[in-house]
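The chain that follows stands alone, in the form predicted alone, written as structure tokens.
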């Protein structure tokens, strides 16, 4: 199912690739070190590095250990087995520019639930203590950094394909993005909860709010996973450093970092404030989900559905494929999609804020993910607009006249 031609991928220059290779791995280690060993203080870590220089940085970089590799290997093998052997409905992905249509097995919800239940059960029955994961977190991140580089080199040699697979059934993007990356986003918050419980004899309400919101968000992702297979990540971006290294390393380390901070910095929010934050976060996650659901239902019914209780407003757009074939698409211009072209990014960013705000505002670093996500989604919105403009041409111009704002109503 590999693709040698990909016309919609974002341009990757040697300079941009070099900057990613140079900056991302050290940042992951510095994030871990600051959260766990420097009280979450960027100033404290910066002071240490100014005093000790490069040697100081090398001293804090944890080398991969046998136990780190063993944890990663067991987790990866478990997720790969679930991906291959759990039952799931057959789902067809979007046709690629070269004319291939990938076939997926939608068993993400089952894989996610089996993983969480197994993980908690191992702890509950005393078979494996998740605190070990937290205690060796730096070594695990270090091993992931090196191991994922090797994996990305393998993908580069294989051809930087759009839909890379091992054999006929094992889809690499589904494994890296969904099974390894996204499920780790559910596993690590539970790890942080268990570690705080074992250290303090209780789990602070701040940690509970953070963990519940993250678990709800990841559950929403897997409930909607077959819709994710139609997004830019899967259908337009080739498998390489940006996608695969990001999901194997950046997601487990950066995306879960607010919980990593809360382990040693429990905050007592009080029942009322905790409930307010929790409800606000769940509402944002629901709106984000409903945006995607609305568009999926519109596409599934070819526009023959109700959007907010009435017939949807739409634009019928034609486009030409890479093979010269003319096809038609419907562009939704009502409901959530009539507010902004990418309004669903607003509740996603707000949800990230609400699962971070239990850390309060003593340090900036717990909010790094919120800042990063905002930049990521604004860039993704621009790239998606550029791709659609190139694809639909005059119809996209008409669409932008009907829905003039990209993300924030009345502002951008």
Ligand code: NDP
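Numbering follows the first chain given and starts at 1. Source: prediction; values computed, not measured.
In what follows, reference is made to the form predicted in complex with the named molecule, a form of this protein that is not presented.
Enquirer: Among 208-216, 83-91, 163-171, 294-302, which stretch has residues with heavy atoms no more than 4.5 Å from the named molecule in the predicted complex?
Expert: Going through the listed ranges, the match is 294-302.
Enquirer: Just checking whether residue 330 would be counted as a contact of the named molecule in the predicted complex - the rule being heavy atoms within 4.5 angstroms.
Expert: Yes, residue 330 lies within 4.5 Å of the named molecule in the predicted complex.
Enquirer: Is it the case that residue 231, even though its partner is missing from this view, gets within 4.5 Å of the named molecule in the predicted complex, heavy atoms only?
Expert: Heavy-atom contact with the named molecule at 4.5 Å: present for residue 231.
Enquirer: Hey, in the predicted complex, does residue 380 get a heavy atom within 4.5 angstroms of the named molecule?
Expert: It does: once the named molecule is placed as it appears in the predicted complex, residue 380 has a heavy atom within 4.5 Å of it.
Enquirer: Decide whether residue 373 counts as a contact residue for the named molecule in the predicted complex under a heavy atom distance cut-off of 4.5 Å.
Expert: It does: once the named molecule is placed as it appears in the predicted complex, residue 373 has a heavy atom within 4.5 Å of it.
Enquirer: Spell it out for me: taking the named molecule in the predicted complex, does every residue among 220, 255 and 392 have a heavy atom no farther than 4.5 Å from it?
Expert: All three within 4.5 Å in the predicted complex.
Enquirer: Work out which of 345, 368, 354, 33 lies within 4.5 Å of the named molecule in the predicted complex, going by heavy atoms.
Expert: Selected option: 345.
Enquirer: Only one of 276, 123, 146, 224 has a non-hydrogen atom within 4.5 angstroms of the named molecule in the predicted complex; which is it?
Expert: If I apply the 4.5 Å criterion carefully, the residue I get is 224.
Enquirer: Let me know which residues along 382-398 have a heavy atom within 4.5 Å of the named molecule in the predicted complex, or say none if there are none.
Expert: 384, 387, 388, 391, 392, 396 sit within 4.5 Å of the partner.
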